[in-house]
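One chain is shown next in structure tokens, namely the form predicted on its own.
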């Protein structure tokens, strides 16, 4: 393991264990480099990894901060830097979208906490059924701040939101935090996923981050158990 990787592991551990105050910047690169007896470049490389993971974000002129929603209730279960979107992930298949609900609303306290916004920041509330090769695949419930992802409309929702973000808004999607749980189906699942009464639903709670560490998406993807599998990447190096 390299020096910057071992430093990254230790700082990630401190963040998750809340050794640093979440409402203040963490120590600056120079101070951390002295503590860990390394060069500033090595320290920057270690912190760059944590920024790409969505645990930290840099605010020009103010320092490096912890992304509060990333450690909300200690729910750092699955981390991935492969945030592609379903359309890009299944390029070899026919992916279509059915818009069930699309509106702008003011967020609840819980949504504010996960998106690191205040209650006066409007968000899109989107429910989409994604259909793959003619079969219902996943039911997505998504919240996105209008101020960060402007201009979403029906045309974009019928295609790929991630393509719009990356190619039209020219924003870089850096990574995400995901929590996977088993649930009982609800009325929307019965209606749109063609599941049976006792079929389990696998739900993925997802927070997506831009490369500046700002969360741009809070969503719940609900999958039929027979249409879902998980592949994870060990980020502990």
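Numbering follows the first chain given and starts at 1. The structure presented is a predicted model; accordingly, all values stated were derived computationally and were not measured. For the two forms, the rigid core is made up of the largest set of C-alpha atoms that agree within 1.5 Å on superposition.
One more form of this protein, predicted in complex with the DNA, exists but is not displayed; see below.
*Asks:* Do residue 39 and the DNA come within 4.5 Å of each other in the model of the complex, heavy atoms counted?
*Replies:* Because a heavy atom of residue 39 falls inside 4.5 Å of the DNA in the model of the complex, the answer is yes.
*Asks:* With the partner left out of view, is residue 184 within 4.5 angstroms of the DNA in the model of the complex by any non-hydrogen atom?
*Replies:* So residue 184 does not count as contacting the DNA.
*Asks:* Tell me, yes or no, whether residue 189 is in contact with the DNA in the model of the complex, where a contact means a heavy atom of each within 4.5 Å.
*Replies:* So residue 189 does not count as contacting the DNA.
*Asks:* Quick one: does residue 60 come within 4.5 Å of the DNA in the model of the complex, counting heavy atoms only?
*Replies:* It does: once the DNA is placed as it appears in the model of the complex, residue 60 has a heavy atom within 4.5 Å of it.
*Asks:* Let me know which residues along 1 to 23 have a heavy atom within 4.5 Å of the DNA in the model of the complex, or say none if there are none.
*Replies:* Going through 1 to 23 in order - heavy atoms within 4.5 Å of the DNA in the model of the complex - the hits are 2, 3, 4.
*Asks:* Rigid core superposed, CA of residue 204 - does it shift 2 Å or more between this form and the one not shown?
*Replies:* Stays below the 2 Å threshold, so no.
*Asks:* Given a core-based superposition, decide whether the C-alpha of residue 31 shifts by 2 Å or more between this form and the one not shown.
*Replies:* Yes, the C-alpha position differs by at least 2 Å between this form and the one not shown.
*Asks:* Do you see a C-alpha shift of 2 Å or more at residue 47 between this form and the one not shown, with the core held fixed?
*Replies:* Indeed, residue 47 is displaced by 2 Å or more.
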